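Encoded as structure tokens, the following chain is the form predicted on its own, with no partner shown.
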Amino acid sequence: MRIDTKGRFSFPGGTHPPEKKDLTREMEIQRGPAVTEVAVMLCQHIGAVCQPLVRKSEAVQAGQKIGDCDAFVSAPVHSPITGKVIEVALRSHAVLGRSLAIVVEAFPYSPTKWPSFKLKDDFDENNYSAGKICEAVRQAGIVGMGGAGFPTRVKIEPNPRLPKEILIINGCECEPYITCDYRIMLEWTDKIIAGIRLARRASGCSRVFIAIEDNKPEAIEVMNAALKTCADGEDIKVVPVRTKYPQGGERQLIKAILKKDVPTGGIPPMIGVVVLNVATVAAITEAVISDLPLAHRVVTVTGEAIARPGNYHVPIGMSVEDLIEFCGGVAKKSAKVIMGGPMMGIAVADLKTPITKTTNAITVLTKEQIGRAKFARRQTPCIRCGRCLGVCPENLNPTKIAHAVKNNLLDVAESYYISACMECGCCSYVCPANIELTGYIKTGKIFLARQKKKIPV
């Protein structure tokens, strides 16, 4: 009997940009380059920034913790290579502009281990206490690998005041071009299943849903097949969801599957829900069972300008430039390099910018694509059509927020719930006047953060 892969769950709003996944969806995960130098950022997560634990000229081992912080909402960082610290200095950061990094130069002949894993038939998550799982996740520095980088230990740790009931595993990967999570689901299935069981054990959730968009029928079938051979697979359900952007947003996923709303300004545990990305639960398995920190990740390198697109397992801290060169450089004239996808990613001006724990893709767009887009999207005055209201998944009024920011009325922007915007880009994508609404909102958030002294001026 064929498994039903038709997605019947969705959320209000959203849009349907071209998927552009054919460039890499059939490309198996490959070993990344042997790097000679990495710059491990001390800020790769939401929460308190790490402090360096090593000094210049100090030797470090692959997997060694090199930065940490005592704050509850934080996550340590580790060296992906064996080598010597050559400096602790500012490096380009895709979000912060500049931030401290520990720069490690590799020793000769120090290969990294390829992440092979086979789930044993007698694996039992009950052999691990919730406390042991949470501590292993914390020490491994695991953060959300599909979004903003929220420390995973904080998400899964039991909290008597906010008991967790439902665990949702996010395998949607709705952003155009990106396929690293899709490949992880196909190739590292056992690792994902083990991580789900460990996360459920730690969080105390009684129900688990694996959400996968229905444009990935192979992943849906593979995950269902794996659950059939799992001792407690009946308690874990694969839920095909309708393909629509941004279906992978955790608030949208919760709305689609559970028909529940996360309070504005709140977080999913407030309604008893935990959402984890598939790459994150795979990292949980490596941390708990294999005692490996999060020092490598799978990155999709894609775009029409890339000579050899693919999915690569790379050390965190290697530069965007080195990764692009490893993929054969650019085959066509490139105009924009994006860390992430074209909807929510951030264009980088400095190709020395390091890969971080949340870097799921490097997308390189051609000069022709950018030129055509600029010609087609010349800005005109707002015509008050309301399309941005119709597609906003958070039910906001992007135009009013953008106009408030444009006129430096930040208090007005706050009254329109600027902080609730997830910066998905749907409003900018559908605007017939070609107003960069999301850009204004991002700028407004930065101005507010500086005003409140949350980030340096």
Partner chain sequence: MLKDIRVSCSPHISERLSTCSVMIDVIIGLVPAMAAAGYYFHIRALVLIATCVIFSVATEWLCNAIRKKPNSLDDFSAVVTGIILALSLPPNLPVWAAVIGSVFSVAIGKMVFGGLGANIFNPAMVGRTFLTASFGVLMTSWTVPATVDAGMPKIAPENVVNARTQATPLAWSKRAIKSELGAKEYNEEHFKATFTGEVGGCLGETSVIALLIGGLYLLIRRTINFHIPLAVLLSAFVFAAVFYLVDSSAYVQPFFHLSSGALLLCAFFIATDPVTAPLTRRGMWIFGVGTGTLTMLIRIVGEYPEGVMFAVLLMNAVTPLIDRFCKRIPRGGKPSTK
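Computed from a predicted model, the values in this text were never measured in an experiment. Residue numbers count along the first chain shown, from 1.
FYI, the form predicted in complex with its partner chain isn't displayed, but the following is about it.
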Does the 4.5 Å heavy atom contact test between T15 and its partner chain in the model of the complex come out positive?
yes
Is D261 near its partner chain? Define near as a heavy atom within 4.5 Å, in the model of the complex.
yes
How about A433: is it within 4.5 Å of its partner chain in the model of the complex, going by heavy atoms?
yes
Residue-level contact is defined here as any heavy atom of the residue lying within 4.5 Å of its partner chain in the model of the complex; does K400 satisfy this criterion?
yes
Of the listed stretches (58-66, 419-427, 45-53, 29-37), which one has a non-hydrogen atom within 4.5 Å of its partner chain in the model of the complex?
419-427
Which one, V85, I338, A256, V274, lies within 4.5 Å of its partner chain in the model of the complex by heavy atoms?
I338
Of these, M343, V298, C134, I236, which has a heavy atom no more than 4.5 Å from its partner chain in the model of the complex?
M343
What residues in 201-227 sit within 4.5 Å of its partner chain in the model of the complex, counting heavy atoms only?
none
